[in-house]
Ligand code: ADP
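The chain that follows stands alone, in the form predicted alone, written as structure tokens.
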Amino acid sequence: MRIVVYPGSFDPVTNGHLDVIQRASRLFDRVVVAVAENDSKQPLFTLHERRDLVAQTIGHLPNVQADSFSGLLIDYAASLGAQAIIRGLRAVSDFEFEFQLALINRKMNETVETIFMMPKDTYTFLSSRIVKEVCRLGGDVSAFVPPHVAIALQRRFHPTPPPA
């Protein structure tokens, strides 16, 4: 079975992420969307909330599952028996950092490959950070994220006040 891990913060999952996930699901037998616990970032959503948002997003894809992990990605991928890790590249500026990660992962475990995938050109500008900022400032993010994610963002940034 060909297994691939698609790791990320997914804070929140966007349509760009979904595009990469859907295309990976056609290339691999099993895709694990792995939500990373990252102590250096201060996410808007908890690890559990992010994993749930991802799970709702991928529910229509039978060979894709949501999971979460902490620690080294390469160790997590190996524990699943994954042959590859997918990393998304939106722009050339992403490449240098991602390339360094791929090389260090190869040095730690040369049996797990790194595959770079670019989202459709309509999503190259899209990032979770930008989506959060647009929503925080009152903008409509429905074109950038799945509907349930737009609702979660709206609730987080603009909660309805309790009735008087």
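The structure presented is a predicted model; accordingly, all values stated were derived computationally and were not measured. One rule holds for the numbers: they count along the sequence shown, beginning at 1.
A second form of this protein, the form predicted in complex with ligand ADP, is not displayed here; the remarks below concern that form.
Proximity to ligand ADP in the predicted bound form, taken as a non-hydrogen atom within 4.5 angstroms, holds for one residue of 109, 38, 100, 46, which is 38. Residue contact with ligand ADP in the predicted bound form: residue 146 places no heavy atom within 4.5 Å of it. Ligand ADP in the predicted bound form is not approached by residue 32, whose heavy atoms all lie more than 4.5 angstroms from it.
When ligand ADP is considered in the predicted bound form, residue 142 lies well away from it, no heavy atom lying within 4.5 Å.
Residue contact check for residue 9: one or more of its heavy atoms lie within 4.5 Å of ligand ADP in the predicted bound form. Residues are counted as partner-facing when one of their heavy atoms sits within 4.5 Å of ligand ADP in the predicted bound form; in 99-126 these are 119, 123, 126, in sequence order.
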